[in-house]
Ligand code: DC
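What follows is one chain in structure tokens, specifically the form predicted alone.
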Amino acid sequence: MNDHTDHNHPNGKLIIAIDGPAGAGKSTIASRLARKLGYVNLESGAMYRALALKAIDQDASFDDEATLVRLAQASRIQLEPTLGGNRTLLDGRDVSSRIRERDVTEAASRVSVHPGVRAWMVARQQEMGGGGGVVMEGRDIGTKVFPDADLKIFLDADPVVREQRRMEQQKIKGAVAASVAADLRERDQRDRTRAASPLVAAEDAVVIDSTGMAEDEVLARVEELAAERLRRQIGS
């Protein structure tokens, strides 16, 4: 990791950014790390999914950027931490389960490519996490949302392993599994080649390849990096 400026936040806590492709384990690691540190887990993916759900509910085109931006501006998306993970509220309605369904997942990937939508989301995310004490995961957190994050992690894994994890996570087998694998590969391509904030590791990110690692091993490594960063902040 390259050296960068230390930031002492008012609460003495860090901003931790975890980026990476779908199926790399970002959400699980971010959630567990946030609970361990007593931080808020800001899920960028949940916010995009909530907007995608609103587009579905209002029969808005996923390709109509102007309409999607207007929907975003008229939306109230909240993340409420609980012991079991975040609750996602859309205009006061709990949509935590609904946004994990496949149609919303696919819609979110299409909604998120628009620069206007991403600009609105980034502004909201910066408002929510700018004071520190947050673990935020996504695809452009360390490069766009919090380019001055205290700790940046890029979590990756072999594409085949990521596909297997996603299928196990969603308890998918048989013919549907092949479709899910194809969707993940297509999403990878979209994320890495989009014009607005493409998926790429920040220059000063610590890259962790979790292909051959157990979840607990990944968490231990990230905790170690966070502890080291906190020690540096206290000593600065």
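Numbering starts at 1 and runs along the sequence shown. Note that the coordinates shown come from a computational prediction; the quantities given were computed from them, not determined experimentally.
Below, we turn to the form predicted in complex with this ligand, even though it does not appear here.
- Checking R100, R124, R93, R87 for any heavy atom within 4.5 Å of this ligand in the model of the complex turns up a single hit: R100.
- Within 4.5 Å of this ligand in the model of the complex, a heavy atom is found for all three of Y48, R118 and I141.
- Within 4.5 Å of any heavy atom of this ligand in the model of the complex lies no heavy atom of K54.
- Although the partner is absent here, A108 sits close enough that one of its heavy atoms falls within 4.5 Å of this ligand in the model of the complex.
- Under a 4.5 angstroms non-hydrogen atom cutoff, this ligand in the model of the complex lacks R32 among its neighbouring residues.
- Heavy atoms within 4.5 Å of this ligand in the model of the complex map, among the stretches 71-79, 109-117, 155-163, 127-135, onto 109-117 alone.
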